[in-house]
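Quick heads-up: it's one chain on its own, the form predicted alone, in structure tokens.
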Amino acid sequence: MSITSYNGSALIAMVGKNCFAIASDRRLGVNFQTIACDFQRIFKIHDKLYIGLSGLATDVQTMHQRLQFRHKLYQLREERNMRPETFASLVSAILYEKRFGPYFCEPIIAGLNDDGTPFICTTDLIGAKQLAKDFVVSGTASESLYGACESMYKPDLGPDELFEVISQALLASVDRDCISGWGGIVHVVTPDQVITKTLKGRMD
């Protein structure tokens, strides 16, 4: 079993009309043994920028702390928040500088630009970026997430429809992966508000 699937995870980000949604499962396990069902994989960088980290749980927490530190330094120096594209480049650079002994996590970056246009992207564990206009997925459930997203996603969805689509895609996918699931959490971000909801999933 790969070290990136040691703890299990399912992450997904989707673009709507002037909004985006990012969702993850909540299970923390060691292979097939479940340890907790309230593990955090999605982190807020600022009001319009979120990052989801799938992979090894210890590296997820380390990576989050490093990114928070670097963003706070940027805020002090520049006196503004980081743009999503800039933050994606920072994440890529941090991962690539550790390429010979990498962090075992695959991030998903989702944010809104100043003009309200959404930005999503994912990278592999050495920082190779993949940009997308519709959705990105990551984690051990990524194969079933791709299938669910491709069948359910439509462009220019509003916040409520986007929440419904991303929730159904997540819940349908984690049922097909035995090391992720146990509920989920969804953040829908619009230019003027953030809606956060938790999902109940199968607990078996």
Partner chain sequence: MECLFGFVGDGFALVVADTCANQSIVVQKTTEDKITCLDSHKLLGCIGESGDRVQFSNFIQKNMNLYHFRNGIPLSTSAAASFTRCELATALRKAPYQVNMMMAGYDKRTGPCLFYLDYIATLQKLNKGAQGFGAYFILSLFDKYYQKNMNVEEALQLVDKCIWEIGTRMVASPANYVIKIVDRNGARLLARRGRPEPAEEQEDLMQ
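The structure displayed is predicted, hence computed values, not measured ones. Numbering follows the first chain given and starts at 1.
The next section is about a form of this same protein that is not shown, the form predicted together with its partner chain.
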*Just give me the single entry in Ile42, Ile179, Leu67, Ala57 that has a non-hydrogen atom within 4.5 angstroms of its partner chain in the predicted complex.*
Ala57
*Check whether Phe104 has any heavy atom within 4.5 Å of a heavy atom of its partner chain in the predicted complex, and answer yes or no.*
yes
*Does the 4.5 Å heavy atom contact test between Asp156 and its partner chain in the predicted complex come out positive?*
no
*Heavy atoms within 4.5 Å of its partner chain in the predicted complex is the criterion; list the residues of 20-47 that meet it.*
Leu28, Val30, Gln33, Thr34, Ile35, Ala36, Asp38, Phe39
